[in-house]
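Alright, two takes on the same chain below, each alone as structure tokens: structure 1 and structure 2.
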Structure 1
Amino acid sequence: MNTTYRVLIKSKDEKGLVYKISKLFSDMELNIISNSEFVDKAHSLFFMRSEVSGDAIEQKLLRDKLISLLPDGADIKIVDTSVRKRVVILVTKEIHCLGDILMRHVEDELNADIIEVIGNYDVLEDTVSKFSIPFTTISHENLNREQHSSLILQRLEKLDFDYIVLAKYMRILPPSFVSQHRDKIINIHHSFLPAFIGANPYKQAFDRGVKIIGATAHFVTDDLDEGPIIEQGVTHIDHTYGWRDMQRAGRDVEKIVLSKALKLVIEDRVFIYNNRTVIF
């Protein structure tokens, strides 16, 4: 049976790596469907993403052979493309990002399965139920941040998933939460930070006469809204926009950027290093 795999490599750079890896694929009678590589010369790091296919690929054998020809300490991942990624979404009350992902899920644009939506309010439960996806409410009322996140972690322990998406989830995750799912949590926020901070950044931006509205999708780290960036987008506005018009425009950018970022991650196109990303 012909199977397709993604081979993801991050290692120290040295001369001839692309040739060595490609020759190995050929020697193992693997067909290269696509291939991308990048060298960060400043840090002497090599990145490569290949899609290969062949009959009865032995993953352990391929990994062992790659280890033997790559520099010491190389990070190698071999992903079976027939296995769909599983995603959990965390929400509060805003629907725009969640709704966009749900529609793309219905159209199978993401090539992944949304296995559950978790909210600290139940206001989006009816919407999610229309897509036949489980919704769990874990209220934060009368709980501190650690207590509430602990309850979410308990729920997540019962789920088999690959990524957590914060679809305008308006609560800060404590370090104890982030450390358990490092490089697996994707967040979206407006790009006014750090200039306009607070409950109504669009009103502040309006008062300053801002002409560009943007959004940033990134991995969550302990540094609030400062994790490795996956995707960004902007839209231009003018003097005719009131702050509510700006807010609507910002929501449009946010949902598109988050869905693009999620698709990039699901397709294994994102490499993380030094709080940065390489995107193939």
Structure 2
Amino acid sequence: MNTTYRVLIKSKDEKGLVYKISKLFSDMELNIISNSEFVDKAHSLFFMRSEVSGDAIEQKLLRDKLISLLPDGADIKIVDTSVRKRVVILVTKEIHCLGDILMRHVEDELNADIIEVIGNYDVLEDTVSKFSIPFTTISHENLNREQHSSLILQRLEKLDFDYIVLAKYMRILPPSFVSQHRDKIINIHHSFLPAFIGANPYKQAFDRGVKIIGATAHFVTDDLDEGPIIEQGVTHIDHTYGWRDMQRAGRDVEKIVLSKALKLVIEDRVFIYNNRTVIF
């Protein structure tokens, strides 16, 4: 039976890596469908993403062989493309990013399962239910940040998921939350990072009189809005835009940028290092 695997390698760079890795694929009778490499020379780091197909293999065997030929400390990820990723979405009240993902879900464009939506309000429950996706409301009322976050963590523990998408989830996740799901949380920031960090960036952008606004999808780290950037988009505006018009124009950018970023992540195209991303 023919299976397709994605093999992702991040390691110290050294001479002959492509040769060694492609030899291994050849030896294991895996055919390379696509291959992308990048070397960060400043840090002497090697990145490779290969799609290979062949008879179903023992992933452990492939991993062990890769470990033995790669420099010490290499990160190796082997993904069977027939296994669908599982995604949890966190929301507050705004529908545009969630709605965009839901519609792609209906079309099965993302090739992933949305297994649950969690909201700190129940405003979007009605819409989500229409798509036969479970919605859990975990209100933050009368709770401090840690208490609320730990309720969400408890709920997440019961779910088997690969990624958490913050689709306009308007609360800050505490370090305890972020550290438990490192490199798994994708956020859409309603601004063109690093501009206008913090509350109401559209009001800030209006005050600054900008002619372009944007949005940034990034992984969440402890540094608010400062995690590795996956995708960015912009749109032009002019002096006739009040900050609410900017917000509305921004929504179109936000939803497309978040969905693009999600797709890149689901297809295992994104490497994270030094608070940056390599995207194949």
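Residue positions are counted from 1 along structure 1's sequence. Predicted, not measured: the structure shown is a model, and the values here were computed from it. If you superpose the two forms and keep the largest set of C-alpha atoms that fall within 1.5 Å, you have the rigid core.
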Quiz item: Given that just one of these two is the form predicted in complex with a further copy of the same chain, which number is it?
Solution: 2
Quiz item: For F38, is the C-alpha shift between structure 1 and structure 2 2 Å or more after core superposition?
Solution: no
Quiz item: Comparing between structure 1 and structure 2 on the rigid core, is the C-alpha shift at Y241 2 Å or larger?
Solution: yes
